[in-house]
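Okay, here we've got a single chain as structure tokens, the form predicted on its own, with questions on binding and movement later.
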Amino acid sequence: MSHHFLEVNDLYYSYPDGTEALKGVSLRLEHGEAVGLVGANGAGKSTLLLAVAGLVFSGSGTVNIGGAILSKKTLGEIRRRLGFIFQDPEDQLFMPTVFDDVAFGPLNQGLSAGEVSFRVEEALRSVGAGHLSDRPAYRLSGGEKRAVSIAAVLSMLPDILLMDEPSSGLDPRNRRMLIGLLGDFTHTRLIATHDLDLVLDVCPRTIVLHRGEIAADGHTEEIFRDEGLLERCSLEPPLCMQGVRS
């Protein structure tokens, strides 16, 4: 059996003030699937990603990553299988140079210097950022920071990628580059975003969250053509589909 699947069963989570953020969420991603996670502000998208990654612990329910059930005891194993790409790349870039940032994870996995260098070179090459290796992160553009933050996750060879608003703050050129990059990945991918055009380009399947519950889960184009569903969930069709009728 593949270790690249993600299964969430009946997941609940409440904020410290008692507000319910997730209300019985269940989903499954198979090996290699690219799935968009969409919803209005406050729908629970980021909270769901944080719960899957073990950055917050749910009140009840289970998260299964390739046969490993998330718990405080299994957190190390889970994080070796999952790569989490935060909305703000600066949350991940804190070392003196790009090389150091991308090497941070492999070094903490106990790899040799040669193995670390190979991982860094391959990860930066895969995102088209090999030429940035010696640059300090604060000197990079927004698109370059995004590419390096992805490389920092890829260098740890995760089975599954969780992405929170990966296109946030990117100009049109860097956004197009990101879409091409995400489309080329073979990882299992769960992408939480407001960018429905990106989802249409990258994700054959989409899950709609609404007030902490799954409102729909299915083929991306079918979901984005369901005007009633989008209206109920305070969403609008992707720009490229606006004005188009099924």
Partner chain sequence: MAKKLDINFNELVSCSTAASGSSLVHRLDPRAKWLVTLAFAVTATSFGKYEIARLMPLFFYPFAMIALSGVAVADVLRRTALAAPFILLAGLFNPFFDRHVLISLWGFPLTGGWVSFLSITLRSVLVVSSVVLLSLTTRSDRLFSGLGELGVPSIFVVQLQFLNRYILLLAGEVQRIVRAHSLRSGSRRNSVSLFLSGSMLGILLLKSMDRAARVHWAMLARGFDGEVRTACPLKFSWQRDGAFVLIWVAFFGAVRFIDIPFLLFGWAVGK
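These numbers were taken from a predicted model, which means no experiment stands behind them. Positions refer to the first chain, counted from 1.
This protein has a second form, the form predicted in complex with its partner chain, left out of what is shown; the following refers to that one.
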- Please pick, from Leu27, Leu181, Ala215, Val56, the one residue with any non-hydrogen atom lying within 4.5 angstroms of its partner chain in the model of the complex. Val56
- Considering Glu77, Glu165, Asp100, Glu122, which brings a non-hydrogen atom within 4.5 Å of its partner chain in the model of the complex? Asp100
- Are any of the heavy atoms in Ile69 no more than 4.5 Å from a heavy atom of its partner chain in the model of the complex? no
- Indicate whether Leu107 is a 4.5 Å heavy atom neighbour of its partner chain in the model of the complex. yes
- Query: Any chance Asp171 has a heavy atom within 4.5 Å of its partner chain in the model of the complex?
  - Reply: no
- Though only this chain appears here, would Leu50 touch its partner chain in the model of the complex if you measure heavy atom gaps against 4.5 Å? yes
- Query: Within 167 to 200, which residues come within 4.5 Å of its partner chain in the model of the complex, counting heavy atoms only?
  - Reply: none
